[in-house]
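What follows are C-alpha coordinates for two forms of the same protein chain, given separately as structure 1 and structure 2.
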Structure 1
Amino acid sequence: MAKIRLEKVNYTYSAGTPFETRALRDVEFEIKEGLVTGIIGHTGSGKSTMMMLLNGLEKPESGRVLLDGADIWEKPKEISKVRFRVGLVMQYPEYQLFEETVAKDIAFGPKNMGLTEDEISARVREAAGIVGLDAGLLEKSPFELSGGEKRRAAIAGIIAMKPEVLVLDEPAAGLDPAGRERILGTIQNFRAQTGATVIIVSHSMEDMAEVCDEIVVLLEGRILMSGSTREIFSRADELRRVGLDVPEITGLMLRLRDMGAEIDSIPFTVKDALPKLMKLLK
(Lines of atoms letter the chains of each structure in order from A and count residues from 1; the text may use other names and numbers.)
(Lines give C-alpha, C1' and ligand atoms only; values in the text may rest on other atoms or scores of the structure.)
Protein backbone atom coordinates (compact mmCIF):
# COMPACT_ATOMS: atom_id res chain seq x y z
CA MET A 1 0.00 0.00 0.00
CA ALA A 2 1.32 3.46 -0.90
CA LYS A 3 1.84 5.84 2.01
CA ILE A 4 2.96 8.65 -0.30
CA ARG A 5 2.42 8.93 -4.03
CA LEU A 6 3.72 11.55 -6.45
CA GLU A 7 1.63 12.04 -9.59
CA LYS A 8 3.20 13.86 -12.55
CA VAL A 9 4.99 16.30 -10.25
CA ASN A 10 6.89 19.19 -11.83
CA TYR A 11 8.91 21.86 -10.08
CA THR A 12 10.92 24.77 -11.49
CA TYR A 13 13.17 27.19 -9.62
CA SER A 14 13.24 30.88 -10.68
CA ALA A 15 10.67 30.32 -13.43
CA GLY A 16 10.64 33.00 -16.11
CA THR A 17 14.10 34.33 -15.23
CA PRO A 18 17.55 33.72 -16.77
CA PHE A 19 18.21 31.43 -13.80
CA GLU A 20 15.25 29.12 -14.50
CA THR A 21 16.07 25.54 -13.48
CA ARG A 22 13.77 22.55 -13.98
CA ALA A 23 14.24 20.48 -10.82
CA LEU A 24 11.59 17.78 -11.33
CA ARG A 25 9.96 16.59 -14.56
CA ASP A 26 6.71 14.59 -14.53
CA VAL A 27 7.86 12.56 -11.53
CA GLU A 28 5.68 9.58 -10.60
CA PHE A 29 6.43 7.00 -7.92
CA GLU A 30 5.15 5.50 -4.68
CA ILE A 31 6.60 5.24 -1.19
CA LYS A 32 5.25 2.06 0.37
CA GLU A 33 3.91 2.15 3.90
CA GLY A 34 6.17 0.80 6.64
CA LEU A 35 9.28 0.45 4.47
CA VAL A 36 12.60 2.33 4.40
CA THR A 37 13.00 3.90 0.96
CA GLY A 38 16.24 5.47 -0.23
CA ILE A 39 16.49 8.26 -2.80
CA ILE A 40 19.81 8.52 -4.65
CA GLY A 41 21.15 10.66 -7.46
CA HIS A 42 23.79 13.25 -8.35
CA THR A 43 23.83 16.73 -6.87
CA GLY A 44 21.19 18.64 -8.81
CA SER A 45 19.17 15.54 -9.65
CA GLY A 46 16.15 16.80 -7.68
CA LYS A 47 16.56 14.88 -4.40
CA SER A 48 16.38 17.87 -2.05
CA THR A 49 13.44 19.39 -3.96
CA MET A 50 11.53 16.13 -3.72
CA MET A 51 12.27 15.90 -0.01
CA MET A 52 10.77 19.35 0.62
CA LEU A 53 7.72 18.54 -1.50
CA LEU A 54 6.95 15.49 0.61
CA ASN A 55 6.00 17.47 3.71
CA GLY A 56 4.73 20.64 2.08
CA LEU A 57 7.76 22.92 2.50
CA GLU A 58 7.45 23.41 -1.26
CA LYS A 59 4.39 23.13 -3.50
CA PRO A 60 4.47 21.39 -6.89
CA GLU A 61 4.31 23.63 -9.93
CA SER A 62 1.94 20.98 -11.29
CA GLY A 63 0.97 17.46 -10.27
CA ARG A 64 0.02 16.14 -6.84
CA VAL A 65 1.64 14.81 -3.69
CA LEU A 66 -0.72 12.32 -2.04
CA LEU A 67 -0.50 11.24 1.62
CA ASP A 68 -2.73 8.23 2.34
CA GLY A 69 -4.46 8.98 -0.96
CA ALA A 70 -5.27 12.63 -0.20
CA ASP A 71 -3.63 15.63 -1.89
CA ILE A 72 -1.61 17.40 0.81
CA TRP A 73 -2.42 20.76 -0.81
CA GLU A 74 -6.17 20.16 -0.97
CA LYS A 75 -6.53 22.42 2.10
CA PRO A 76 -3.58 24.85 1.97
CA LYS A 77 -4.47 26.43 5.33
CA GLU A 78 -3.97 23.03 6.99
CA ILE A 79 -0.55 22.27 5.51
CA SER A 80 0.99 22.55 9.00
CA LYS A 81 -0.87 19.35 9.93
CA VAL A 82 0.93 17.56 7.10
CA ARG A 83 4.28 18.68 8.54
CA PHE A 84 3.45 16.99 11.84
CA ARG A 85 2.59 13.79 9.95
CA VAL A 86 5.66 13.91 7.69
CA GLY A 87 8.69 14.79 9.82
CA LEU A 88 11.67 16.27 7.99
CA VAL A 89 15.26 16.04 9.29
CA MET A 90 17.52 18.32 7.27
CA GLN A 91 21.25 17.68 6.76
CA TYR A 92 23.32 18.53 9.88
CA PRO A 93 20.20 19.03 12.06
CA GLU A 94 22.40 19.53 15.14
CA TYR A 95 23.04 23.10 13.93
CA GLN A 96 19.38 23.82 14.69
CA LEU A 97 19.63 22.96 18.39
CA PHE A 98 19.01 26.10 20.45
CA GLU A 99 17.31 25.38 23.79
CA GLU A 100 18.91 25.41 27.27
CA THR A 101 18.60 21.64 27.70
CA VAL A 102 18.33 18.58 25.49
CA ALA A 103 14.89 17.84 26.95
CA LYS A 104 13.59 21.30 26.02
CA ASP A 105 14.93 20.93 22.49
CA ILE A 106 13.19 17.57 22.03
CA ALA A 107 10.01 19.06 23.52
CA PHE A 108 9.86 21.99 21.08
CA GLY A 109 7.84 20.18 18.40
CA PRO A 110 5.35 18.51 20.76
CA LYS A 111 4.71 21.90 22.42
CA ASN A 112 3.80 23.36 19.04
CA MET A 113 1.30 20.52 18.66
CA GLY A 114 -0.54 21.82 21.72
CA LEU A 115 0.03 18.75 23.89
CA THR A 116 -0.20 18.76 27.69
CA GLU A 117 2.94 18.90 29.84
CA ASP A 118 2.49 15.23 30.81
CA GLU A 119 2.15 14.20 27.16
CA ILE A 120 5.20 16.27 26.21
CA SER A 121 7.30 14.77 29.01
CA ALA A 122 6.31 11.23 28.00
CA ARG A 123 7.17 11.92 24.35
CA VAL A 124 10.56 13.38 25.26
CA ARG A 125 11.48 10.27 27.25
CA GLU A 126 10.19 7.93 24.54
CA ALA A 127 12.03 9.73 21.72
CA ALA A 128 15.26 9.86 23.72
CA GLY A 129 14.98 6.12 24.28
CA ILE A 130 14.44 5.39 20.59
CA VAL A 131 17.56 7.34 19.55
CA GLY A 132 19.63 5.88 22.40
CA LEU A 133 20.17 9.04 24.47
CA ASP A 134 20.77 8.30 28.14
CA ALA A 135 18.24 9.92 30.49
CA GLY A 136 21.12 11.64 32.28
CA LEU A 137 21.80 13.72 29.16
CA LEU A 138 18.34 15.26 28.99
CA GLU A 139 19.06 18.04 31.49
CA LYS A 140 22.41 18.92 29.92
CA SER A 141 22.94 21.69 27.42
CA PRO A 142 22.81 20.25 23.88
CA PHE A 143 26.11 22.02 23.25
CA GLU A 144 27.83 19.74 25.79
CA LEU A 145 27.04 16.64 23.72
CA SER A 146 29.30 14.92 21.22
CA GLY A 147 28.63 15.40 17.51
CA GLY A 148 26.80 12.08 17.22
CA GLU A 149 24.75 12.76 20.36
CA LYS A 150 23.73 16.17 19.02
CA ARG A 151 22.60 14.56 15.77
CA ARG A 152 20.53 11.99 17.65
CA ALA A 153 19.03 14.69 19.91
CA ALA A 154 17.96 16.67 16.85
CA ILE A 155 16.36 13.57 15.30
CA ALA A 156 14.63 12.86 18.62
CA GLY A 157 12.98 16.28 18.36
CA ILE A 158 11.28 15.16 15.14
CA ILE A 159 10.51 11.67 16.41
CA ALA A 160 8.81 13.19 19.49
CA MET A 161 6.08 14.51 17.17
CA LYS A 162 5.36 10.87 16.25
CA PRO A 163 5.38 11.38 12.48
CA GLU A 164 3.84 8.73 10.27
CA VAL A 165 6.66 9.38 7.80
CA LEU A 166 10.24 10.34 8.68
CA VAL A 167 12.33 11.96 5.92
CA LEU A 168 16.09 12.29 6.50
CA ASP A 169 18.63 14.15 4.37
CA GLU A 170 22.12 12.56 4.58
CA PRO A 171 21.56 11.36 8.19
CA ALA A 172 25.10 9.98 8.65
CA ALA A 173 26.99 12.76 6.85
CA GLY A 174 30.17 13.90 8.59
CA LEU A 175 30.08 11.27 11.34
CA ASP A 176 32.87 8.84 12.22
CA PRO A 177 32.19 5.10 11.70
CA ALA A 178 30.85 4.64 15.25
CA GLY A 179 28.56 7.65 14.91
CA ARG A 180 27.36 6.42 11.54
CA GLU A 181 26.47 3.01 12.97
CA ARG A 182 24.52 4.63 15.81
CA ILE A 183 22.54 6.87 13.48
CA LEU A 184 21.67 4.00 11.15
CA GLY A 185 20.74 1.93 14.20
CA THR A 186 18.51 4.78 15.37
CA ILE A 187 16.67 4.77 12.04
CA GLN A 188 16.18 1.00 12.15
CA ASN A 189 15.08 1.18 15.80
CA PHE A 190 12.55 3.93 15.02
CA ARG A 191 11.01 1.94 12.19
CA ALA A 192 10.94 -1.28 14.27
CA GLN A 193 9.27 0.38 17.28
CA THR A 194 6.76 2.54 15.46
CA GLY A 195 6.12 0.89 12.10
CA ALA A 196 6.56 4.31 10.49
CA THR A 197 7.53 4.88 6.88
CA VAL A 198 11.10 6.17 6.46
CA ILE A 199 12.65 7.99 3.50
CA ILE A 200 16.41 8.58 3.31
CA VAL A 201 18.25 10.85 0.89
CA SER A 202 21.94 9.95 0.74
CA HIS A 203 25.05 9.77 -1.43
CA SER A 204 26.30 6.77 0.56
CA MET A 205 25.51 3.53 -1.21
CA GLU A 206 26.75 1.65 1.88
CA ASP A 207 24.15 3.39 4.06
CA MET A 208 21.42 2.64 1.52
CA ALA A 209 22.38 -1.02 1.30
CA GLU A 210 22.36 -1.37 5.07
CA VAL A 211 18.97 0.12 5.93
CA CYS A 212 16.79 0.50 2.80
CA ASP A 213 14.12 -1.90 1.57
CA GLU A 214 13.60 -0.01 -1.69
CA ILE A 215 15.52 2.61 -3.68
CA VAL A 216 14.50 5.34 -6.12
CA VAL A 217 17.16 6.68 -8.51
CA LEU A 218 16.82 10.24 -9.80
CA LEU A 219 18.62 11.58 -12.87
CA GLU A 220 18.17 15.16 -14.06
CA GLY A 221 14.80 15.53 -12.38
CA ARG A 222 13.34 12.24 -13.64
CA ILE A 223 12.99 8.76 -12.19
CA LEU A 224 15.69 6.61 -13.77
CA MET A 225 14.74 3.44 -11.93
CA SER A 226 13.07 2.21 -8.74
CA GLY A 227 12.68 -1.14 -7.01
CA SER A 228 14.01 -3.24 -4.17
CA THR A 229 17.54 -2.56 -2.95
CA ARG A 230 18.66 -5.85 -4.44
CA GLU A 231 17.06 -5.06 -7.81
CA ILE A 232 18.66 -1.62 -8.03
CA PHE A 233 22.18 -2.64 -7.00
CA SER A 234 21.98 -5.62 -9.34
CA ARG A 235 21.95 -3.07 -12.17
CA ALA A 236 25.52 -1.97 -11.45
CA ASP A 237 26.43 -1.36 -15.10
CA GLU A 238 23.46 0.96 -15.64
CA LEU A 239 24.23 2.89 -12.46
CA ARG A 240 27.86 3.31 -13.44
CA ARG A 241 26.93 4.50 -16.93
CA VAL A 242 25.18 7.51 -15.38
CA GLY A 243 28.02 8.18 -12.93
CA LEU A 244 26.54 6.48 -9.87
CA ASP A 245 27.87 3.35 -8.20
CA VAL A 246 27.10 0.39 -5.96
CA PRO A 247 28.42 -0.28 -2.43
CA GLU A 248 32.18 -0.94 -2.40
CA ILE A 249 31.73 -4.51 -1.18
CA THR A 250 29.33 -5.14 -4.09
CA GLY A 251 31.91 -3.80 -6.54
CA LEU A 252 34.54 -6.09 -5.04
CA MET A 253 32.30 -9.16 -5.30
CA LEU A 254 31.40 -8.32 -8.90
CA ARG A 255 35.11 -8.10 -9.78
CA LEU A 256 35.78 -11.44 -8.09
CA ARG A 257 32.96 -13.03 -10.06
CA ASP A 258 34.31 -11.57 -13.30
CA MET A 259 37.68 -13.14 -12.41
CA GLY A 260 36.02 -16.56 -12.22
CA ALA A 261 35.09 -16.87 -8.53
CA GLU A 262 31.94 -18.90 -7.91
CA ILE A 263 29.53 -16.52 -6.19
CA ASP A 264 25.89 -17.58 -6.21
CA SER A 265 24.44 -14.14 -5.40
CA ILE A 266 26.07 -10.73 -5.10
CA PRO A 267 25.88 -9.22 -1.57
CA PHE A 268 25.38 -5.52 -0.83
CA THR A 269 26.63 -5.34 2.76
CA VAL A 270 29.85 -6.47 4.44
CA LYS A 271 27.81 -8.64 6.79
CA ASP A 272 26.31 -10.59 3.88
CA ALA A 273 29.62 -10.72 2.01
CA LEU A 274 31.66 -12.16 4.89
CA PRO A 275 30.49 -15.80 4.67
CA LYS A 276 30.92 -15.75 0.88
CA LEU A 277 34.47 -14.41 1.21
CA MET A 278 35.30 -16.99 3.87
CA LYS A 279 34.03 -19.73 1.57
CA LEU A 280 36.24 -18.42 -1.27
CA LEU A 281 39.29 -18.28 1.00
CA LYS A 282 38.79 -21.89 2.04
Structure 2
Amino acid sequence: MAKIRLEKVNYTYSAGTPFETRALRDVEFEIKEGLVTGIIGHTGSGKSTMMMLLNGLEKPESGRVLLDGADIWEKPKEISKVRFRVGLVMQYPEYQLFEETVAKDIAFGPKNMGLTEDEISARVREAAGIVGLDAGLLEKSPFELSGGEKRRAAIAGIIAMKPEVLVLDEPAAGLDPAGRERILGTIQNFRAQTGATVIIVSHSMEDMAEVCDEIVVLLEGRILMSGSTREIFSRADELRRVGLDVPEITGLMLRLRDMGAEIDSIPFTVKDALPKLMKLLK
Protein backbone atom coordinates (compact mmCIF):
# COMPACT_ATOMS: atom_id res chain seq x y z
CA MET A 1 0.00 0.00 0.00
CA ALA A 2 1.20 3.51 -0.81
CA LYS A 3 2.18 5.59 2.23
CA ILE A 4 3.06 8.55 0.04
CA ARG A 5 1.99 9.20 -3.54
CA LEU A 6 3.27 11.93 -5.81
CA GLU A 7 0.88 12.84 -8.62
CA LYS A 8 2.16 14.85 -11.60
CA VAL A 9 4.32 16.97 -9.32
CA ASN A 10 6.09 19.96 -10.85
CA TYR A 11 8.38 22.36 -9.06
CA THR A 12 10.33 25.35 -10.39
CA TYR A 13 13.03 27.35 -8.59
CA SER A 14 13.37 31.11 -8.95
CA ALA A 15 10.29 31.20 -11.16
CA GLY A 16 10.06 34.37 -13.25
CA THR A 17 13.79 35.20 -12.96
CA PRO A 18 16.62 34.48 -15.44
CA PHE A 19 17.67 31.66 -13.13
CA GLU A 20 14.37 29.82 -13.42
CA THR A 21 15.06 26.10 -13.08
CA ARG A 22 12.57 23.28 -13.35
CA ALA A 23 13.59 21.09 -10.40
CA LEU A 24 10.91 18.42 -10.87
CA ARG A 25 8.85 17.61 -13.95
CA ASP A 26 5.65 15.56 -13.87
CA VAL A 27 7.03 13.35 -11.16
CA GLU A 28 4.80 10.47 -10.34
CA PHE A 29 5.54 7.59 -7.98
CA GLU A 30 4.64 5.79 -4.77
CA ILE A 31 6.51 5.13 -1.56
CA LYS A 32 5.31 1.82 -0.12
CA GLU A 33 4.35 1.66 3.53
CA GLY A 34 6.83 0.01 5.90
CA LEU A 35 9.64 -0.28 3.34
CA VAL A 36 12.98 1.49 3.02
CA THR A 37 13.06 3.42 -0.25
CA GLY A 38 16.28 4.95 -1.57
CA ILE A 39 16.46 7.99 -3.82
CA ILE A 40 19.56 8.29 -5.99
CA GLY A 41 20.63 10.89 -8.53
CA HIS A 42 23.26 13.55 -9.15
CA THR A 43 23.53 16.77 -7.24
CA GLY A 44 20.86 18.97 -8.83
CA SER A 45 18.69 16.06 -10.01
CA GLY A 46 15.83 17.16 -7.77
CA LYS A 47 16.41 14.90 -4.76
CA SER A 48 16.47 17.66 -2.16
CA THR A 49 13.41 19.35 -3.63
CA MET A 50 11.61 16.03 -3.51
CA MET A 51 12.50 15.56 0.17
CA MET A 52 11.18 18.99 1.05
CA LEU A 53 7.97 18.35 -0.87
CA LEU A 54 7.41 15.10 1.02
CA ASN A 55 7.07 16.81 4.38
CA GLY A 56 5.52 20.05 3.23
CA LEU A 57 8.55 22.33 3.54
CA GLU A 58 7.93 23.15 -0.12
CA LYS A 59 4.65 23.21 -2.00
CA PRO A 60 4.34 21.73 -5.49
CA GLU A 61 3.73 24.23 -8.23
CA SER A 62 1.24 21.79 -9.67
CA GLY A 63 0.29 18.23 -8.84
CA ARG A 64 -0.38 16.66 -5.46
CA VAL A 65 1.52 15.00 -2.62
CA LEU A 66 -0.68 12.42 -0.91
CA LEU A 67 0.01 11.06 2.57
CA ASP A 68 -2.17 8.03 3.36
CA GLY A 69 -4.28 9.06 0.38
CA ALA A 70 -4.95 12.65 1.51
CA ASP A 71 -3.48 15.76 -0.14
CA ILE A 72 -1.09 17.27 2.42
CA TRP A 73 -1.94 20.77 1.17
CA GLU A 74 -5.70 20.38 1.48
CA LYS A 75 -5.63 22.49 4.65
CA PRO A 76 -2.48 24.62 4.35
CA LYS A 77 -2.86 25.85 7.93
CA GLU A 78 -2.42 22.30 9.18
CA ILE A 79 0.78 21.63 7.27
CA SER A 80 2.80 21.56 10.51
CA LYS A 81 0.96 18.33 11.43
CA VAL A 82 2.41 16.78 8.27
CA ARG A 83 5.89 17.81 9.42
CA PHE A 84 5.42 15.81 12.63
CA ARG A 85 4.19 12.79 10.65
CA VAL A 86 7.01 12.97 8.08
CA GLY A 87 10.27 13.56 9.97
CA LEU A 88 13.17 15.01 7.99
CA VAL A 89 16.81 14.44 8.95
CA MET A 90 18.87 16.97 7.01
CA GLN A 91 22.49 16.53 5.87
CA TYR A 92 25.04 16.85 8.69
CA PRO A 93 22.19 17.21 11.23
CA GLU A 94 24.67 17.31 14.13
CA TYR A 95 25.47 20.92 13.22
CA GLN A 96 21.98 21.75 14.46
CA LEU A 97 22.46 20.35 17.96
CA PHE A 98 22.23 23.32 20.29
CA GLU A 99 20.88 22.36 23.73
CA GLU A 100 22.91 22.00 26.94
CA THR A 101 22.40 18.26 27.12
CA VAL A 102 21.78 15.47 24.66
CA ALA A 103 18.49 14.64 26.40
CA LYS A 104 17.21 18.21 26.02
CA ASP A 105 18.16 18.20 22.38
CA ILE A 106 16.27 14.98 21.69
CA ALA A 107 13.31 16.40 23.66
CA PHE A 108 13.10 19.55 21.54
CA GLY A 109 10.76 18.11 18.88
CA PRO A 110 8.40 16.28 21.28
CA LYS A 111 8.18 19.48 23.39
CA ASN A 112 7.00 21.39 20.35
CA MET A 113 4.30 18.79 19.91
CA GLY A 114 2.87 19.79 23.27
CA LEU A 115 3.37 16.44 25.00
CA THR A 116 3.49 15.96 28.78
CA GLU A 117 6.84 15.85 30.62
CA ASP A 118 6.42 12.12 31.31
CA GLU A 119 5.62 11.35 27.71
CA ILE A 120 8.59 13.45 26.57
CA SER A 121 11.10 11.70 28.81
CA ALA A 122 9.74 8.29 27.79
CA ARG A 123 10.19 9.24 24.16
CA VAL A 124 13.72 10.52 24.73
CA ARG A 125 14.72 7.22 26.34
CA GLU A 126 13.07 5.20 23.62
CA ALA A 127 14.64 7.20 20.77
CA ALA A 128 18.08 7.05 22.41
CA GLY A 129 17.65 3.27 22.65
CA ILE A 130 16.78 2.93 18.97
CA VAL A 131 19.87 4.87 17.85
CA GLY A 132 22.07 3.07 20.39
CA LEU A 133 23.07 6.00 22.62
CA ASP A 134 23.93 4.89 26.15
CA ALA A 135 21.80 6.41 28.91
CA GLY A 136 25.06 7.77 30.38
CA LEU A 137 25.47 10.07 27.38
CA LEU A 138 22.07 11.72 27.74
CA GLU A 139 23.12 14.21 30.41
CA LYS A 140 26.32 15.19 28.59
CA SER A 141 26.75 18.21 26.36
CA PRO A 142 26.27 17.26 22.70
CA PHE A 143 29.73 18.69 22.08
CA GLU A 144 31.35 15.98 24.21
CA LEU A 145 30.08 13.29 21.85
CA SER A 146 32.04 11.75 18.98
CA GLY A 147 31.05 12.60 15.40
CA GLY A 148 29.04 9.41 14.96
CA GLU A 149 27.31 9.81 18.34
CA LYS A 150 26.33 13.40 17.54
CA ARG A 151 24.82 12.25 14.26
CA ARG A 152 22.81 9.56 16.07
CA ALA A 153 21.67 12.05 18.72
CA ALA A 154 20.37 14.33 15.97
CA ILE A 155 18.49 11.44 14.36
CA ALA A 156 17.06 10.50 17.77
CA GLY A 157 15.59 14.01 17.98
CA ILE A 158 13.48 13.27 14.91
CA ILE A 159 12.67 9.69 15.90
CA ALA A 160 11.37 10.99 19.26
CA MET A 161 8.54 12.70 17.36
CA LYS A 162 7.43 9.20 16.29
CA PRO A 163 7.15 10.02 12.61
CA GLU A 164 5.22 7.65 10.38
CA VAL A 165 7.77 8.38 7.67
CA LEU A 166 11.45 9.09 8.35
CA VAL A 167 13.32 10.89 5.57
CA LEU A 168 17.14 11.03 5.78
CA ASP A 169 19.43 13.07 3.52
CA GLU A 170 22.91 11.47 3.26
CA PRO A 171 22.71 9.99 6.77
CA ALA A 172 26.22 8.46 6.66
CA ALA A 173 28.18 11.19 4.81
CA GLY A 174 31.52 12.11 6.40
CA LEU A 175 31.49 9.27 8.94
CA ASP A 176 34.21 6.65 9.17
CA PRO A 177 33.27 3.09 8.11
CA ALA A 178 32.38 1.95 11.64
CA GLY A 179 30.27 5.09 12.21
CA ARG A 180 28.59 4.47 8.88
CA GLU A 181 27.74 0.89 9.85
CA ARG A 182 26.13 2.10 13.07
CA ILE A 183 23.99 4.65 11.25
CA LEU A 184 22.76 2.02 8.80
CA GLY A 185 22.08 -0.26 11.78
CA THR A 186 20.14 2.52 13.47
CA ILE A 187 17.93 2.95 10.42
CA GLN A 188 17.22 -0.78 10.21
CA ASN A 189 16.56 -0.86 13.94
CA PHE A 190 14.10 2.02 13.68
CA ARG A 191 12.18 0.33 10.92
CA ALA A 192 12.10 -3.03 12.70
CA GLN A 193 10.91 -1.54 16.00
CA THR A 194 8.34 0.91 14.66
CA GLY A 195 7.27 -0.47 11.29
CA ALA A 196 7.56 3.07 9.94
CA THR A 197 8.31 3.96 6.33
CA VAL A 198 11.87 5.13 5.62
CA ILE A 199 13.21 7.21 2.73
CA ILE A 200 16.96 7.65 2.27
CA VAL A 201 18.85 9.90 -0.11
CA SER A 202 22.46 8.84 -0.61
CA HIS A 203 25.32 8.87 -3.11
CA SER A 204 26.70 5.62 -1.73
CA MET A 205 25.40 2.73 -3.81
CA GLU A 206 26.93 0.27 -1.33
CA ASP A 207 24.87 1.79 1.51
CA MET A 208 21.74 1.78 -0.63
CA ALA A 209 22.24 -1.88 -1.55
CA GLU A 210 22.57 -2.72 2.13
CA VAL A 211 19.42 -1.09 3.49
CA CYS A 212 16.93 -0.33 0.70
CA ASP A 213 14.02 -2.46 -0.45
CA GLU A 214 13.16 -0.13 -3.30
CA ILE A 215 15.06 2.52 -5.23
CA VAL A 216 13.98 5.55 -7.23
CA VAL A 217 16.46 7.09 -9.67
CA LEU A 218 16.08 10.79 -10.50
CA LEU A 219 17.67 12.40 -13.53
CA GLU A 220 17.26 16.07 -14.31
CA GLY A 221 14.01 16.36 -12.39
CA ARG A 222 12.39 13.27 -13.85
CA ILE A 223 12.07 9.70 -12.67
CA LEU A 224 14.54 7.66 -14.73
CA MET A 225 13.60 4.35 -13.14
CA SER A 226 12.10 2.88 -9.99
CA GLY A 227 11.74 -0.62 -8.66
CA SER A 228 13.21 -3.14 -6.23
CA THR A 229 16.89 -2.72 -5.34
CA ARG A 230 17.65 -5.85 -7.35
CA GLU A 231 15.84 -4.55 -10.43
CA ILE A 232 17.58 -1.18 -10.30
CA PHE A 233 21.12 -2.47 -9.81
CA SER A 234 20.64 -5.05 -12.53
CA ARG A 235 20.38 -2.09 -14.93
CA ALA A 236 24.03 -1.17 -14.41
CA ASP A 237 24.63 -0.08 -18.01
CA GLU A 238 21.81 2.45 -17.94
CA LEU A 239 22.94 3.78 -14.55
CA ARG A 240 26.51 4.17 -15.74
CA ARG A 241 25.43 5.83 -18.95
CA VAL A 242 23.97 8.69 -16.91
CA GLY A 243 27.05 8.90 -14.67
CA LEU A 244 25.60 7.00 -11.71
CA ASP A 245 27.04 3.75 -10.49
CA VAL A 246 26.33 0.35 -8.99
CA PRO A 247 27.85 -1.06 -5.77
CA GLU A 248 31.50 -2.09 -6.16
CA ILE A 249 30.63 -5.76 -5.73
CA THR A 250 28.02 -5.55 -8.51
CA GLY A 251 30.62 -3.97 -10.79
CA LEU A 252 33.05 -6.77 -10.00
CA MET A 253 30.48 -9.49 -10.72
CA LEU A 254 29.46 -7.84 -14.01
CA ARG A 255 33.12 -7.76 -14.98
CA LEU A 256 33.43 -11.48 -14.22
CA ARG A 257 30.38 -12.19 -16.36
CA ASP A 258 31.86 -10.16 -19.22
CA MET A 259 35.05 -12.20 -18.86
CA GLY A 260 33.02 -15.35 -19.40
CA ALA A 261 32.12 -16.56 -15.90
CA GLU A 262 28.66 -18.13 -15.71
CA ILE A 263 26.76 -15.85 -13.36
CA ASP A 264 23.00 -15.83 -13.83
CA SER A 265 21.68 -13.09 -11.55
CA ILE A 266 23.96 -10.26 -10.49
CA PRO A 267 24.27 -9.76 -6.72
CA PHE A 268 24.54 -6.34 -5.09
CA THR A 269 25.94 -7.26 -1.67
CA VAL A 270 29.03 -9.29 -0.75
CA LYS A 271 26.82 -11.68 1.23
CA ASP A 272 24.82 -12.40 -1.93
CA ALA A 273 27.87 -12.73 -4.15
CA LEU A 274 29.70 -15.25 -1.99
CA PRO A 275 27.50 -18.37 -2.47
CA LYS A 276 27.22 -17.69 -6.20
CA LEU A 277 30.99 -17.61 -6.56
CA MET A 278 31.55 -20.58 -4.27
CA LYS A 279 29.31 -22.65 -6.56
CA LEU A 280 31.58 -21.77 -9.49
CA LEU A 281 34.92 -22.07 -7.72
CA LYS A 282 34.47 -25.09 -5.46
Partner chain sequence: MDEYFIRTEHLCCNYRDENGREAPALIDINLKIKKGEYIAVIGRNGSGKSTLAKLLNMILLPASGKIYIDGKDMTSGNLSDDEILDIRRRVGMVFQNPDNQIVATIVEEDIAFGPENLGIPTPEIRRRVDYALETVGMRGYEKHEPHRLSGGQKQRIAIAGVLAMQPECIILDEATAMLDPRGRAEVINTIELLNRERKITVIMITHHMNEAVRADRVIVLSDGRLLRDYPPRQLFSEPDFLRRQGLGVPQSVELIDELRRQGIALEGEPVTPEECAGAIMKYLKQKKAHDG
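So that the term is clear: the rigid core is the largest set of C-alpha atoms that superpose within 1.5 Å between two forms. Here, a residue number simply tells you its place in the sequence of structure 1, counted from 1. Computed from a predicted model, the values in this text were never measured in an experiment.
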Assuming the other structure does not fit, state which one is the form predicted on its own. 1
So, does residue 20 move by 2 Å or more at the CA between structures 1 and 2, with the core held fixed? no
By how many angstrom does residue 277 shift at its CA between structures 1 and 2 when the core is held fixed? 4.1
When the rigid core is overlaid, by how much has the CA of residue 265 moved between structures 1 and 2, in Å to one decimal? 2.5
